[in-house]
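Structure 1 and structure 2 below are the same protein chain in two forms, each given by itself as structure tokens.
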Structure 1
Amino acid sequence: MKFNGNAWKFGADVDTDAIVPARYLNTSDPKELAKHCMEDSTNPDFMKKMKAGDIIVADKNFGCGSSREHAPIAIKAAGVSCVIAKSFARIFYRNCFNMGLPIFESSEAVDGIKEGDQIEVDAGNGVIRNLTSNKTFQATPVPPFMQELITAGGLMAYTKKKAGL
């Protein structure tokens, strides 16, 4: 599977309160959450400007703070195709694989992508192409168990199979 979209750049330590503020957590409806995606970040108008398929490109420790799965749910429901970061906070990383938001780790890619660049990501092999600058980057390989989760269709599909449901 390939993702293709324009890059939206964010800095280091983007927390889950910035991705979806707690004041909107009285619902878990993906469409409602998506309306507020990145509202308290450095780009509060993100939802007004972004197009479906666009890609979030962030510095280190993306998704730190709260365990709220509402954060990756909001990003996915907003139509963001994938997130590229130098590193991800642990719970956010785990949540993405569990619920199916594709994420890629690559410091070189983050440094080599500017806001608005057109990016293509091959989810199969983790190759990130900056079509604007014509540069190619390789994301850190996904650990085998996480790959198994993706193949199974997320944690619940994996658990259903295991529990014989």
Structure 2
Amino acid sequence: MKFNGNAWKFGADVDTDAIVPARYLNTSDPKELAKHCMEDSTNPDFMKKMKAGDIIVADKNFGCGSSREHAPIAIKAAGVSCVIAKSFARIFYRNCFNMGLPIFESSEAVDGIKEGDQIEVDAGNGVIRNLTSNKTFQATPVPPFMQELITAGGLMAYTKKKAGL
């Protein structure tokens, strides 16, 4: 599985309220949540400017704050192909896999990517290429089971597939 898109940079400690503001949590409809993705972040025009397949690149502790599933659902439904960060809040990390949102940890990649750079991520081997600067970075390996969750589309889809439903 490979992802290719433009980089959108965000800083450290982006919390789940910046990813999808609490005032929109009266719905669990992915399309509705996507409309408000990153609305309260440092780039409130993110949804107006990003294109399907683009990649969020963030500093440390991305997804901190409340442990709601709405945040990875909003990111995925917005069309973001994956998220690269120096680190993720642990509950957000697990919620991403449960919802089928690919995420990768790599401090070097975050430091070596600028907003607007064209990025390619090979999920199978964790290689991140900045096509703009022609630099390559390695992400922390994702365990095979977690890769299966992403490939299946999340925990529920994985469970249905395994149960033959």
Partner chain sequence: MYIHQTMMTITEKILAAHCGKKEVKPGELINAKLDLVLANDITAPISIKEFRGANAKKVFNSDRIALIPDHFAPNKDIASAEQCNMLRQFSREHDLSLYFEVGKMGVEHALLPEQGIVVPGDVVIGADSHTCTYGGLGAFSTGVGSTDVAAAMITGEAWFKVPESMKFIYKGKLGKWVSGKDIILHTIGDIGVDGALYRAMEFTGEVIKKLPMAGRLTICNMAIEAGGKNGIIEPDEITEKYVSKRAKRKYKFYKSDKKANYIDVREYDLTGMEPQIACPHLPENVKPVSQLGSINIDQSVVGSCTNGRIEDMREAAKVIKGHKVHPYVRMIVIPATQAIYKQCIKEGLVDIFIDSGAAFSTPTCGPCLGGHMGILAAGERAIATTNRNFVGRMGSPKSEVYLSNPAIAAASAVLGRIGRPEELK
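Please read these numbers as outputs of a predicted model, since none were measured by experiment. Throughout, rigid core stands for the largest set of C-alpha atoms superposing within 1.5 Å between the two forms. Shifts are known only where both forms have a C-alpha. When a residue number appears, read it as a position in the sequence of structure 1, where counting begins at 1.
- Message: Pick the form predicted alone out of these two and give me its number.
- Response: Structure 2, which is the form predicted alone, differs in this respect from structure 1.
- Message: Aligning on the core only, does the CA of Ala12 end up 2 angstroms or more away between structure 1 and structure 2?
- Response: Superposed on the core, Ala12 moves its C-alpha less than 2 Å between structure 1 and structure 2.
- Taking the rigid core as reference, does the Cα of Ala152 move 2 Å or more between structure 1 and structure 2? Superposed on the core, Ala152 moves its C-alpha 2 Å or more between structure 1 and structure 2.
- Tell me, please, whether between structure 1 and structure 2 the C-alpha of Pro21 is shifted by 2 Å or more, with the rigid core used for superposition. False for Pro21: its C-alpha shift is below 2 Å.
- Could you tell me how many Å the Cα atom of Pro143 shifts between structure 1 and structure 2 when the rigid core is held superposed? Comparing between structure 1 and structure 2 after core fitting, Pro143 shifts 3.4 Å at its C-alpha.
- Relative to the superposed rigid core, which consecutive-residue segments of length 3 or more display CA displacements of 2 Å or more between structure 1 and structure 2? Three-plus residue run displaced between structure 1 and structure 2: 143 to 165, uniquely.
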